[in-house]
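In the structure tokens that follow, the same protein chain appears in two forms, which are kept apart as structure 1 and structure 2.
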Structure 1
């Protein structure tokens, strides 16, 4: 396979319609959770970091469906959909946003920095851009050492492809021929910097040439294309083809976070990408009946309402909880208040 960026790698077949309906459900669940979280943030009930995946649901859901159960996934801040597909619940997500004692981090964080390697294969996200590439290369290497045929998949934004960690991690994975799939979620802006001000490359997947690995380009707002291309990369990586680089083009339909009004983005770009909305496109492709659509809406609404109620009624963490779970061995962390010393 040529390392040159390509638009048309051979693709597996589409999943059955029943699976596609589940993909649609997860896209709708992702968006509804996202919209509810932003409403709660404006009410002051959620504070701190909150990052939207509005308009990018197809990449998270399509790529997560392309993995096998035992594979590893290292999400980015805009991959809420992938985390849900892998088995984390709306209650876990909402309690995490509320930083309650019932959350996956037991209140130590209120952003999407959580996972569960043993249960869901999700490796908790690290804030530093590009750093998940060497981390997930390490997960792939560890699986190989244990004799397991697991694939590791992670995401980077367009901006992270200019970081040292991206180059060092992907080069290590390439040289070691590790089963690592890196998806570039090219949403047009690295915070306020457009891609055109970051690189002269037309396609970021062309960077695959530097590592001697395959690089592909796809439509990130077409969930079935995302599934097919990711599935092909996963199969090739698992079969011994080594690291794979897949660029999926999409658009960030909000600012970097709630504090950012994205006034640096031309309005016509929002209008152009609104017409490419991944959920509306998938609804048309599926040819949903009114009953099917209503059933998904009711299921999603019920689960999100339950998650918000559960989070709001959950207790705050006790102070000593901050010292637990930091290391595998809790005895390594000891703190004695000054008044007790």
Structure 2
């Protein structure tokens, strides 16, 4: 176990082609959902924040495929792909965006802030960045205490590596030798702040040295490399190797959210990273036949159309629903104004 950042750990084997085709499907599904959501946002049909993973699909899909059933996953705003791989449906995603009563949070929270610990192992994230690191460390802790061989995986952006939660959570996991894998999804910008204003380090994975854990750097736009590197970290963590830090380099191909035109990003960077598009690269690597490509396209379109239709036709939640679910016992939230008595 080397505490310093190294280029590439020895690689597990690539998954069979049938599995790779599923990975491709999930990358396409992620992008299609993302593009459709942006179109609906422009039409004013969906409300609230919308965070794109355009150009970053390989990290979510490759890493989620590296987990076993029963493992825990703590996503971030740009990990739609990982949430889909874990079993959440396009309908769940769209009803969230549409803030409908049928959504997983019944309209209580927006964007992809949802999950289901028992069914998918996914934990709903919050807007404070870095908080998932100690929380997922706690899930890994519980697994160890109960003698279960589960691994917890979570993501932080380059910006969140500056937070106290990142340090406190990862250090706690390191000291306790917990099976926690933290992926730094380095996409160049935290809102408008470039990585160079976030750290003086060349590679964020060098921060692993501060915790005495392994740190690796990989190509975040190569889904198979993401899969192999994450799989190795997951296997090491499961085998008792403790916490692992993996930095995957990628690029955010849109602004922070739809209102942000990202004018602070030099155009050349977009052009450079467009040439490294993870979906096109994977298509070439897979040597997809036109029939295979069309089959995936049709499957994805059908599912996304269905999700949008379902969400649009779903009812809005009723106002008093706002009073429910604060505690297990709803009667604790009493709200009868004086003038109505």
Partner chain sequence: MPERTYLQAISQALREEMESDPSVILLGEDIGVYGGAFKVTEGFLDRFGPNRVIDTTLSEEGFVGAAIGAAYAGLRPVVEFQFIDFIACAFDLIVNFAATSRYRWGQGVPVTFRGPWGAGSRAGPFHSRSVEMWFAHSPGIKVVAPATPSDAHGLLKACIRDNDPCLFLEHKYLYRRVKEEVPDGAPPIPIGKARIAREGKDLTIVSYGMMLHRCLEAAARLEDVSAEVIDLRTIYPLDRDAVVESVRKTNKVMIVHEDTRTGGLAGEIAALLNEEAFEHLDGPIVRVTAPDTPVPFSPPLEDFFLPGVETIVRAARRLAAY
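Remember, it's a predicted structure, so these values are computed and weren't measured experimentally. Numbering follows the first chain given and starts at 1. Under this definition, the rigid core comprises the largest set of C-alpha atoms superposing within 1.5 Å between the forms.
Source of structure 2: the form predicted in complex with its partner chain. Residue 22 is not among the residues whose C-alpha shifts by 2 Å or more between the two structures once the rigid core is aligned; its shift stays under 2 Å.
Superposed on the core, the two forms differ at residue 328, whose C-alpha moves 4.3 Å between the two structures. The shift recorded for the CA atom of residue 319 between the two structures is 2.5 Å, with superposition on the rigid core.
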